[in-house]
Structures are given as C-alpha cells and as structure tokens.
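Just the one chain here, the form predicted on its own, laid out as structure tokens.
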C-alpha cells in the first residue's frame, strides 16, 4: 500500500497489494487526468501513458491544440467547457448557467481513512491499514470546491472514492449531479455486466458486449431496488471466473442510483456510478457542503472470482461492524410461512419448542404481532403488542422463548405507516406526500418521511422502547414499498428535490443510533426480501434477507448472483415447506437444506407439522451446518459451476489457511442415460493431501475417506454423482492430512 506523488512529473501513483491507479496533472494541474488502472506497475514513465495530438475538438488551453476535454481521460469530468460525454458533476449558478469548470488547486496525503460523516462507508481500525489522497479542485468564479477522496488499503485490492463539495462563494449554487466516481478506460473492447431482476427474482447476472453509446442501469425508486443492484463491471471478452480483466464499481448507498458506461467516438469508455441525477437537486448556500456516497472500485486480473473475494473480505471485515461482525451467526426459524398473520402465543411457543428439539438457536416472530394487525391493511406505525394475540406482550413471549433455550427475534417495518393506524391519524403530514395530490398506496401503506428530524426521532424512540422492553436478540428490519409522491412538508420549495437523499441520511442516522445503543441485537435488513441488498445497509445490518423467494431451485441463481459482490455471511437463506409458496415447486429436503446452508442458514416453516422422518432430517441438517458454518461464513468462496450456464451449479468455501473446505453440488433436472461428469475444485493447496468425506450420508465413486492431492482435485476434479431424480444435491468436506 502506498500513495506516491512525483512533484516533478506531477503524477499520483496509488498502489494496493496487487494493483495500481495513476492520476496525472496536465497543463500546470488544470485538469487531473486518469492514466492507468490495472495490475500493479512500478513507478516510472506513467506520464507517457497520455497520448497527445490534434483532433477536431474544442481546445481549452490557448495555444495548445493537442489537448481537449472532449477526449482527455478526465478524473472527475464536468459538462459545458468542452467535454460532451456524461459528466460526473453539474452545478447551476445563481445566474442559471451550468458551465462550471473545476481545476486542480492542491492535495494532501493522509494516513488512514477519514470517516464519511452521516454516510455508511468502509473503515479502518488503525491508520496503518490505509492511505488517503485528497485532491482539491476549485471553480474560482463561483467559489465551488470539490475534494476528491481516494483510499487505498494495505490488505485489499480496492479503492474507496467519494467527493465532498464545499461552497466558499457568496451566492447560492445548486448541485444537479454529484457522482461518486468516474474512470475513463482506454479502448472499448469490454463486456458489460450487472445484476438485474425483480421481486422474487433478484440479482440475475446479465452480461453483454459493450457498444458505442451509453449503457446503464439505475434506480428511481428511492431504494437500491430489486430491479438493479448498485454494482457494475467491465470485463475483457475472455474473462471468466478465473481469468481476465475485471473493472468493478459498487456504490455504498441504499437509495436511487445511476451507473453507466459510455463509449465515445474515439472508442474509449467512461465508467461511472453515484447518486441518480434524475429528480435530484441540492441547494448549497454559502458555507455549506455536500458529501457523495462512497464507491468501491475493484480491479481483478484473475476474473470474477478474485473480484468477488476482494469485495467479500473487505465488506466482511471493514464494512460490516459491531458485535456480530466476527461472530458465528445463529440458525433461526421464522414463523411467517408457518402462520402468516394467524397465530397465538401458544402456537408460537409450540414452534419454538419443536425448533429447540431440532437444534435451532433463534426464534423469530414475523409480521402481525402489533396494533390490530390481522392482515396487511392496518397498524404499521402502531408499535405496541396486540395483547389479544400475545397476553403479557412481547416481554412474556420473549422470556418464555428464552426459557425454552432459544434467542428471541422480532420483525419490524419502521419506515412505513398504514393509513389505518393511530400514528397516521395523529400525524397525516408525516408521510412522503405532495399537498393536494393523491397519496399512492402499495401493500396498503405509505412511506414515512425520514427527511424530517421529528419523524426520525419519533421512530427511533418507538423502536428503542421496543428493544428495551424485552430480551430481543435479533431484529428483521423490513421495507415493503418504494417511494411515490416524493415530497416533504418540512422542506421549502427550492429543496423538495433533496427529499429522497435526505430520507436516506435520516434513515442512516436512525440505524446508527439504534445499532450503537443496542449492540447485542443482530440486525438483518429486508426490503420485500432483496430490494435493498446493498453495501449501505450492510454497514448497519451485517446480514440481509436475500429474497422472499425460498424455492431451492430459484435460490441457486439468486444466491449465485448475489455472491458476485456480497459475502455468504451477509446472505440470509431459509428452508421452507413444499409445495413452495412462491413457485409451487416440490424439491427434496436435502436440496432445500444444501441451498440454504450455502449462506446464513435458517427455516421458514411450521416445525410442529413435520413428520418424525422430516424432524430427523432437520436434526442432521442443523448439526451438519454447525460443523461447517465457520467455513461458509468466514471462508473464501470459489464458484465452480454456474446455474446461469446449464443444469448444474457448484461452489465451495475454503478456509484462509487452505486446511479445510466444503463443496456444494446441485443438479436441477435428471437426464436419461446421461454422461459421467466431473467438475474441478479451486482454492486448495496443490501440494497438500486432502481427505474427502461426503456429508450427505451417501457413498459415491469418489470414495468416502479417500485421500486426494490438492492438484488432482483442482486439475482432474470430483465425480458429480447425485443418483436418479430431479432436484438433487451433494455435499462434501475436505480436510488437509
């Protein structure tokens, strides 16, 4: 790790353990330009990476026609002074004009990584873990200043970028666009990759060849969304799991975002990510400042697998935080699909007792415990236990669950309000709305206005009172709809377009207070499942409910796509009853368990309705997961077979010292008289010997207890035997001998 500055050549060379990122200052620093991002290179003649020459383009530097903003690889580009590509920033002055040019003024290099006040971000625990470059750009006409921040890490091949705008002039300025990162890459021969989807079908991998023009994804929903995750990557055409160049960006933010790649007329590519400029504006009065969310940039020369492991290690250790960051996560059972809204205290306790007998460690009470909540038409905002269902309230139920030997967890949805609620009747102006217009409902609910400090304080107090009232060790924080009529009764007209971002800042403040005040509580994020699975939420809640779709076959793709960026310890996965409530599919209990064991393991079914045979299977699954969860939750992931490319899926988790591994294999549909198959493992020590043990109790051609060389397992592979029938899976453990 190092940030080197050559004063003579005016070159900044940022180095991680395996990568370099190089910035140059041309024309006495007027324009910071991007010179290189890729494999680590030695400092030397980096300035020669910039090609100069005349083109039919505006010339911003008098007397020099060899440089133009229209093709220079600008480090933080604007619009209106010669660059016609997508800008990273746009500001409107009080005279209505937007030709605002930011030029280099100064810089400083810091040990460590300053926190981003009010925003989630990766962090360091000591200053020797990172170095930070701050490049100061100014527009002397208006007094607008932008401080570009770059942090490089000693142990991670990642760069954290953000921007802080400061208004040092004397007239108001309106920010219209404020992206977090922009990189101009040479050439355009890349594939574009992102994660798209919908409710029940989140984070599907989409890959296609980049073409001239702009390709992009965005969310305008006020959440990172089911539809598009705030992650993009450019890949060399030959890149796969283990080979080829990958340039990736991930935004540490939970609201509306935009990300795009633009191929210009000269065949170069601009990759950028940040707040969505659509319906965004931010008024800067003299003396005020604005901070963009953080973007994490990862380059890999070894394909998508190495990229993923970089994100996983960084997020697991330096994005997630708090008491539970480094702790094994408990196996839970959630009552939702077992009872929905129709339950009594005794029914819940029956489920808890049955779960305890299976070895499960945490019981979670889902929706329906508060107000008059017998369906989804009322009571959000009225966070008082319904004592008709729960005599004695939450405390008595939680204590009785605890007496059964389980932790007690609770579902809440604090960002929402039902029109049929005491809270809404008392404070109808507390929701997002536009006066005199329809208040659009979804799932019979409206969105509370978290841009308001009084709303945030009220919600914080309600949830803090609940968490103080009973022995609660886990919270599932849900959010079941996106924003419409995005307006705030507390903001003046000129600041209405700040509402959605102020909402996120308010939510982050509430989450920060609650997670610090109740460090013993394990928080899990949820947004109709995976509608807000992003790094911003992981900073406060170290795991996320991955999808409301619990079908094992569907989960193969959902969890595989999620794993491109997010670690298994952050991924909630449950075994549910069959026929599955989302797809109607019937899959074997083993396959459902193996799919869920690939992440944070749990159950979403009625444990009291199981047969004795099923209970015995569950006991085996629970005991097995307890043996391997240290590998799943803290090991390195290697994807082996993609469910997006065929009828099979496989992945494995390897301990940091490569002494242990666990391998998962799935086959969706049977094939009559099919070929014998083998698949190769990854991440092992080729010079070591490993004992192979099937963990599903089934013998196969690989041999139980057989010893293999790590080289044989990786270069020759294992037999993929599942036996006859659809929806089959296998599970093996490897131990170095």
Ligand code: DGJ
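Quick caveat: nothing in here was measured; it's all calculated off a predicted structure. Positions refer to the first chain, counted from 1.
Only in words, not in the display: the form predicted together with the named molecule, which the text now covers.
Look at 390-398, 543-551, 639-647, 608-616: in the predicted complex, residues with non-hydrogen atoms within 4.5 angstroms of the named molecule sit in 543-551. With the partner omitted from this view, the residue of 190, 311, 411, 104 that lies near the named molecule in the predicted complex is 411 [heavy atom within 4.5 Å]. Proximity to the named molecule in the predicted complex, defined as a heavy atom within 4.5 Å, singles out one entry of 273, 526, 333, 160, which is 526. The named molecule is not drawn, but in the predicted complex it has no heavy atom within 4.5 Å of residue 327. In the predicted complex, the named molecule sits within 4.5 Å of a heavy atom belonging to residue 478.
The shortest heavy atom separation between residue 439 and the named molecule in the predicted complex exceeds 4.5 Å. Contact check for residue 367: a non-hydrogen atom falls within 4.5 Å of the named molecule in the predicted complex. Shown here without the named molecule, the chain has only 443 in 429-465 lying with a heavy atom within 4.5 Å of that partner in the predicted complex.
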